[in-house]
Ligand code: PSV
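Given as structure tokens, the chain that follows is alone and in the form predicted alone.
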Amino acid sequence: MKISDSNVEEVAFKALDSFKIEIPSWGFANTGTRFGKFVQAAAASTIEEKFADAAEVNRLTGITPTLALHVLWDLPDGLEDVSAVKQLERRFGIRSGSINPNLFQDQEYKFGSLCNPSRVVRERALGHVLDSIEIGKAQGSRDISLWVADGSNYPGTQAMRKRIVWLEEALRVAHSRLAPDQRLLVEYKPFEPAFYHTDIADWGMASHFAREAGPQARVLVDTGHHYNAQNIEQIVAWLLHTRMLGGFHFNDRRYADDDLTLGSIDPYQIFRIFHEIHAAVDDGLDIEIAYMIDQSHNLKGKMEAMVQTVVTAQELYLKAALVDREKLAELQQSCNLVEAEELYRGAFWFDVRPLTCAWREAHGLPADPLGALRASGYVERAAQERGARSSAVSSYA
């Protein structure tokens, strides 16, 4: 398909119809850095307010039907909270998405959670993961999104191979408790909070642990969880090839896990990632990928940043869908480097905004979601109603 073809709108609409992206509950809450947090009057401080904000984003964009939940922040009483969350789902028309265990917040995790030298702490951490799986079953959530913050800061202070074994054992147990339709997504991160070694530091380690866990485990790629200059789309290609790619946490970064809004620094990178996915689908690979946002909006307005991110994701997904991959394959085979790159870059530079606007209007959505948010007065009303509670302690570090 060439961008100039008469069927471009048909192809674009088909691609846009297929794209849904999950938004995170913590993206609506007051957040900050390790040095402190920055309070916004309109920030959500209750699970009800998070569902309300998520519903507004979906009303404006039409592609965010699920809300990722963090167990300790959103369901502090575990299974006892499920009934209330289900009521919120019915009330706001938003489903619970991925369930995110918290293995980094408690003081007991100072030296690790699932990899802690203490068997007592490891068992407690595993118990929390198993509780999270049960919450997922009760909520009807497919994905358990597991980030293990474990590692060490000083050489010689931890037995790395022992920690591998402990983590393998824990993931096998967790996998055995999954429902047939559930998945365990194993996330990786090269550093922070640990700075000497991290127990799941890269995609290779994550793939190993997912395989050791069992057939319902996959790898979760967070675009911020890489060293500078890493070729993330090559990692994505490998994970697609090995059938180990399960999902994404999308954000942007200048250095590492900056949690900046998607596309604010390097939109071309996200385009390149989406291209690999579209190419895999075109090649007939049977893949099931969860697209999720994981961002901490410290300075931008919560709602504005979330809508901006969703719209950007949609545009970059569409740009990658419009690559003429048949022609690109011919140019690649003949090693016609300049023409191949120009075809590839041409799709990236193609202005898809008129197509996304037309798609929204055809689906009864605002052509300009961000403009519609501003005109609605939603943020101002939320600030007035929530301002008294805006100094609540942040749930995201």
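The structure displayed is predicted, hence computed values, not measured ones. In this text, residue numbers run from 1 along the sequence as written.
Omitted from view is the form predicted in complex with this ligand, to which the following refers.
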Option touching this ligand, based on a heavy atom within 4.5 Å in the predicted bound form, out of 74, 143, 150, 222: 222
Contact residue in the predicted bound form, chosen from 302, 183, 319, 189 - any heavy atom within 4.5 Å of this ligand: 189
Proximity of residue 360 to this ligand in the predicted bound form, heavy atoms at 4.5 Å: no
Distance check, residue 51 to this ligand in the predicted bound form, heavy atom within 4.5 Å: no
Close approach of residue 297 to this ligand in the predicted bound form, 4.5 Å, heavy atom: no
Residue 89: touches this ligand in the predicted bound form, heavy atom cutoff 4.5 angstroms: no
Location of this ligand contact in the predicted bound form, chosen stretch of 90 to 98, 249 to 257, 112 to 120, 273 to 281 [non-hydrogen atom, 4.5 Å]: 249 to 257
Within 11 to 47, the residues that have a heavy atom no more than 4.5 Å from this ligand in the predicted bound form: 26
